[in-house]
Ligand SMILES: NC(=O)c1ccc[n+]([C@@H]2O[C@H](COP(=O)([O-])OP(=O)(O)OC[C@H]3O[C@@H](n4cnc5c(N)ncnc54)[C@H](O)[C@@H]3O)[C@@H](O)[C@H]2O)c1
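One chain comes next, on its own, written out as structure tokens in the form predicted on its own.
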Amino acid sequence: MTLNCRPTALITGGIGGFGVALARLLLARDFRVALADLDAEQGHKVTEDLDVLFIPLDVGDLAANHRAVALVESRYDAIDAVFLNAGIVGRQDPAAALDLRAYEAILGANLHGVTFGIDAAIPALRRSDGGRIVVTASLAGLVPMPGDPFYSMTKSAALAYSRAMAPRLAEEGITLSVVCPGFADTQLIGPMRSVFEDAGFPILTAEDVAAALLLAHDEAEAGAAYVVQPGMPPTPYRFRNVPAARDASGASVAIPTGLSAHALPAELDQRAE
């Protein structure tokens, strides 16, 4: 973390409900905040109101993610926290034939926005001698959502990727964690809002989720995933262990440590192709 100066945070998907609520919490802590979002027109309005830096950003563009991080570093000298918060819901009927354009759009926002965002954040956080990355996933990444299977798929993938990356980054002083909110009162639920109201189903506020994102920033262990549901505090999710492999004697055998396809001898690597 940077020393003797105000900490700096970058929030992608920054002008949506979660992003704005989180920005307000960070500003109250005297953070310097940069909001990045695809909607430049609305973004400038929001950031003028908050008096923070705005960066137009398509999170599905790897180079654009790196440019956004570089801009924040050039303005504030360092980055201490990155909140990868951009996301969209699916744009097609799951019973219809695959709409490739809609499929690529949700991959770009919900999955590439995480993988590309992490890739861009790592060098900057290394230069700050460590820091925090918090990913906004979803309860749909833990519990399948039949009404929007692409949303479940991308959120599950973002969660799995983050958990797989977290142990390695922790060795460098970078803590990567995930927040999995349930249904929240943002533009994403759109026409579904009346269904929740009619059913008397409670939904989260943007402030509920922002508080959970800040909690993850403050307290999360590497790879932790917090579930956020109405009427209860953010709770670390306990992932069940899968059955272990067994040797000829029937004893459980752990997966070898340090296992990586990238460490294979060249001849085996070529044979695998």
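It should be emphasised that the depicted structure is a prediction, and the values quoted were computed from it without experimental measurement. We number the residues from 1 along the sequence you see.
Although not depicted, the form predicted together with the ligand is the subject of the following passage.
Picking from 81-89, 67-75, 121-129, 168-176, which part of the chain touches the ligand in the model of the complex when contact means heavy atoms within 4.5 Å?
Looking at the partner contacts, the answer comes out as 81-89.
Is the gap between Ala23 and the ligand in the model of the complex 4.5 Å or less for some heavy atom pair?
No, Ala23 sits far enough from the ligand in the model of the complex that none of its heavy atoms falls within 4.5 Å.
Is Ala102 close enough to the ligand in the model of the complex to count, meaning some heavy atom within 4.5 Å?
Ala102: no, not in contact with the ligand in the model of the complex.
Can you tell me whether Tyr151 touches the ligand? I mean in the model of the complex, with a 4.5 angstroms heavy atom cut-off.
Because a heavy atom of Tyr151 falls inside 4.5 Å of the ligand in the model of the complex, the answer is yes.
Decide whether Ala137 counts as a contact residue for the ligand in the model of the complex under a heavy atom distance cut-off of 4.5 Å.
Within the cut-off, so yes.
Taking Ala212, Asp218 and Pro234 as the candidate spot, are all three within 4.5 angstroms of the ligand in the model of the complex by heavy atoms?
Verified in the model of the complex; spot residues all out of contact, no.
Going by heavy atoms, what in 154-184 lies within 4.5 angstroms of the ligand in the model of the complex?
Contacts from 154-184: Lys155, Pro181, Gly182, Phe183, Ala184.
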